[in-house]
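Given next, in structure tokens, is a single chain: the form predicted alone.
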Amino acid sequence: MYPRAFRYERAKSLDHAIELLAKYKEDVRPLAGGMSLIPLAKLRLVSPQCIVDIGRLEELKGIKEQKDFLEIGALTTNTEILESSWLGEKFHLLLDTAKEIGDVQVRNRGTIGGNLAQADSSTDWPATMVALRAKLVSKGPRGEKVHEIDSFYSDQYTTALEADELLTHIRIPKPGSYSAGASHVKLERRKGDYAIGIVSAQLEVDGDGKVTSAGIGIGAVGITAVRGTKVEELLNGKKVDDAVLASVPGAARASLEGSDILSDIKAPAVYRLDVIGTLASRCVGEAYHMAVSRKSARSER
């Protein structure tokens, strides 16, 4: 199936893009890498009057380390993140996530901002950004806004962005110590398929191996990515031993209480809830092992 006819506009600058979005208001979509918009348009699940191509806006690309946070331009591709090996020291979760996304074509074309703005909980970045406690920066006719990730998603394919606003940058707080560990795990029926369950974890440990900070993101189970609050509460102040890991699945499922659980052709809700507990335990175990290993390596220097 082909998309319905639409008007195509190429933005020359960020301000020009915002002008075009304001001009067409509710009947417009920005085009970045196109990995989400083009399939939806071909299926006619979205049929905008106008598509604004923002893919050439250099001001929305790149990765910069600032004093207190890492800043990633919304048009930075998954491949560009994956090839930034220097991120592994403090932001290993970004590399862990990028390598799990689709295939090489999707990684080459798909952008981190486009994925986050699409608000599909079955994709990788939303859960990771919850785990990292990211802030999302947008710009529109009324100026710049900074959104907390926990309040950015309100429903499936729905964000806090207004129709005339663009997501411009992602800001990720720097970890408090170098003894940080991370992991991103998911279950999919086949490589590149939409996930059945996703868990992202970022942990920091002290000199005694106790967790001082825990960030847990859960995706592909509810209609939005959510924070694993019960898992975070379970882990904080503890060493992650076998007894703690045994409690993680129940805490993960408890974190989803009150959420609308997805049930579709890929998996019924009851199966997703079962899977997410197993994934959470595996993810936490891997992240903690990395954090403790890094702590040991530092003490031996």
Ligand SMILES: Cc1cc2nc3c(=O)[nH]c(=O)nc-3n(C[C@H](O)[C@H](O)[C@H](O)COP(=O)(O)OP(=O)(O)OC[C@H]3O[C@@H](n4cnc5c(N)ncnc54)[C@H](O)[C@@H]3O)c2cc1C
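Owing to the predicted nature of the structure, the values given are computational and were not obtained by experimental measurement. We number the residues from 1 along the sequence you see.
One more form of this protein, predicted together with this ligand, exists but is not displayed; see below.
Within 4.5 Å of this ligand in the predicted complex, a heavy atom is found for all three of 115, 124 and 167. The stretch that touches this ligand in the predicted complex, counting heavy atoms within 4.5 Å, is 191-199, out of 191-199, 221-229, 141-149, 80-88.
Checking 160, 95, 187, 106 against this ligand in the predicted complex, a heavy atom within 4.5 Å turns up for just one residue: 106. Of the listed positions (240, 41, 35, 267), a single one reaches within 4.5 angstroms of this ligand by any non-hydrogen atom in the predicted complex, namely 35. Mapping the unseen interface onto this chain, residue 71 falls outside it, with no heavy atom inside 4.5 Å of this ligand in the predicted complex.
At the 4.5 Å threshold, heavy atoms of residue 252 stay clear of this ligand in the predicted complex, well away from it. Residue 175 falls outside the set of residues with a heavy atom inside 4.5 Å of this ligand in the predicted complex. In the predicted complex, this ligand sits beyond 4.5 Å of every heavy atom of residue 209.
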